[in-house]
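Encoded as structure tokens, the following chain is the form predicted on its own, with no partner shown.
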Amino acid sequence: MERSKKPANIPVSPTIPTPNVSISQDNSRVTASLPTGESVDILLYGATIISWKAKGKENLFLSSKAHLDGSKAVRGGIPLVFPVFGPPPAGHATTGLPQHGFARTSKWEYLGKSTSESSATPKSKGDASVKLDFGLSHTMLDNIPSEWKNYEFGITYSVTLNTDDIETSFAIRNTGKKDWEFQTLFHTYLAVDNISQVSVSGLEGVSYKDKTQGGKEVKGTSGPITIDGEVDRNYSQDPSKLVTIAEKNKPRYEIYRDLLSDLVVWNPWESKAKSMADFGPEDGYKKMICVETGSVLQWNTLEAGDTWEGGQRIKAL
């Protein structure tokens, strides 16, 4: 006997797209993408971001001659600087380390992912972000040719891919019983179409150390920074200040900083680019600008048991 009133069908929630994370077969890189098309590609060697796509384009410059096989630091993307910026000074605990330290030439461990909460509405495009965590500790290094062989540390490096920006952050822990000093920086190579049409604003009036003049202190300009030759400048500025990279007078990137008071603006220009064996193509300097956030103009002392944190967010416009 049929019922006069059948129970209503139970509504089924729509399937919400989620981020995709994959690890290469040779366990050398991690790739993540959002349902909306944004993606990031990270080598475990150096935990180096070598690609970040958003707004329908590639936003990082990667040298055509970059070594991606773990044989040397990657030229391009976002290499990690730790525990020293530049050549280690004589008579310091970092003496004996390679330029920019060992973070960018060490094999990191992939620790896993986490995603943002999804919207349950039918029009939702899915999860809005995915965070990837990587780890490096003193126990993972075979040989440290400096006083650093006596130091203990643990670093968690987090990369968060959002729909229109990317975040990179460090949590650096002193896990030993000795205090130590360090410097750190995100060596970001931003992609541009034509360096002659690029300007950097947010540093007006800020004095800088000009490494093309031997580190001479130079008074900052009143207007945005433009590039028409080799530039290698170290700035120190309140990290709450926004830095904007524009092209053809239209904002291309915005950089937000968390506890990172130093900024490096760098472009090698033609002559220096030719002198670097892993820089390509020859005119690649026209397609990039480095705006690097970090803490490098002074030494940071991390006491035993303490943790230092800092990060950046780069928004593609």
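This is a predicted model, so every value here is computed, not measured. Counting begins at 1, following the sequence as shown.
In what follows, reference is made to the form predicted in complex with 6-O-phosphono-beta-D-tagatofuranose, a form of this protein that is not presented.
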### Query
At the 4.5 Å heavy atom threshold, is E38 in contact with 6-O-phosphono-beta-D-tagatofuranose in the model of the complex?
no
#### Entry: Contact of F61 with 6-O-phosphono-beta-D-tagatofuranose in the model of the complex (heavy atom, 4.5 Å)
no
#### Entry: Contact label in the model of the complex: I289 to 6-O-phosphono-beta-D-tagatofuranose, heavy atom within 4.5 Å
no
### Query
Heavy atoms within 4.5 Å of 6-O-phosphono-beta-D-tagatofuranose in the model of the complex: does F85 have any?
yes
### Message
Please identify, from 168 to 176, 97 to 105, 193 to 201, 138 to 146, the stretch that has a heavy atom within 4.5 Å of 6-O-phosphono-beta-D-tagatofuranose in the model of the complex.
### Response
97 to 105
### Query
Which residue, K241, H92, K211, K113, has a heavy atom that falls within 4.5 Å of 6-O-phosphono-beta-D-tagatofuranose in the model of the complex?
K211
### Query
Which listed residue (Y253, Y45, W266, Y285) meets the criterion of a heavy atom within 4.5 Å of 6-O-phosphono-beta-D-tagatofuranose in the model of the complex?
W266
### Query
Check Y157, D258 and R313: does every one of them have a heavy atom within 4.5 Å of 6-O-phosphono-beta-D-tagatofuranose in the model of the complex?
no
### Message
For a quick check, can you give me the residues of 185 to 222 that have a heavy atom within 4.5 Å of 6-O-phosphono-beta-D-tagatofuranose in the model of the complex?
### Response
H187, Y189, K211
